[in-house]
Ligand code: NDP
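Let's start with one chain on its own, the form predicted alone, as structure tokens.
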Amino acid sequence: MSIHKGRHALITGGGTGIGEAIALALAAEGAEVTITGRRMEALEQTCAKADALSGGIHALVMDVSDEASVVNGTAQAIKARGNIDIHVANAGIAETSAFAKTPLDFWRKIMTTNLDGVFLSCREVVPGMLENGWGRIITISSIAGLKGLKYGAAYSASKHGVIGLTRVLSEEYMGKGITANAICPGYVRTPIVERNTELIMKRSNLSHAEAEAAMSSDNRHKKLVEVAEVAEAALWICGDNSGSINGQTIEIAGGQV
């Protein structure tokens, strides 16, 4: 029997991309999955995909940049399906700005979603994990959390912060059945990357293949990472014999970062 069967997983930003892929993978393993996001339409589309396969995914509108939304939403999920066993802090935004031209409100918007949101969602699930004596926290950082990203001061700083927070969680709850690890993908084939590919096509008069190659050039193997690769890593981190994987950064970028 899968270790995920009957576990309650909460995934922020679960309506698209990486979050959706992890939600579907966990549901296929028998987990009860709560996915959150700001748009119910996107969440319901993910639920429909699960219903066509194995079911087990439940939609909940939540804005990780709003403390009350996170507190109330997490409480609602726990009331409906019990304490959170697996938490994937995935919600985030990826926008760039030249450093010297970056306004403070832009900086704060990125930090509020990408770092504050991870802090809030993790804070709300930890008590239940402690009560159960078991928990798996997976934060979705980025290769930008390991190195500087040109024109990405706010984004890179936020993702570095996510890794720092993850390491603190791994230390603070060590020996209590809870692990915390960060997945650090390179450029992944997601709707965000597709939109950026289209922007490159328009700006540079490139074909789709050429624009995609430009997007994936920072991945060491020079191709986009597939969401299924990230989802498989998440299953591994919270699967059988994973208790000694703690405080780690799992880089998925086609080579050494």
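Residue indices: 1-based, along the sequence shown. Please read all numbers here as calculations on a predicted model, not as lab measurements.
Although it is not shown, the form predicted in complex with the ligand is what the next lines describe.
- The candidate site formed by 38, 142 and 191 is fully in contact with the ligand in the predicted complex, as each residue has a non-hydrogen atom within 4.5 angstroms of it.
- Residue contact check for residue 121: none of its heavy atoms lie within 4.5 Å of the ligand in the predicted complex.
- The shortest heavy atom separation between residue 135 and the ligand in the predicted complex exceeds 4.5 Å.
- By the criterion of a heavy atom within 4.5 Å, residue 57 is excluded from the residues contacting the ligand in the predicted complex.
- Using a 4.5 angstroms limit between non-hydrogen atoms, residue 234 is distant from the ligand in the predicted complex.
- Checking 221, 208, 49, 195 against the ligand in the predicted complex, a heavy atom within 4.5 Å turns up for just one residue: 195.
- This chain is displayed alone, yet in the predicted complex one of 128, 161, 152, 186 has a heavy atom within 4.5 Å of the ligand; that residue is 186.
- Along 79 to 113, residues 90, 91, 92, 93, 113 each place a heavy atom within 4.5 Å of the ligand in the predicted complex.
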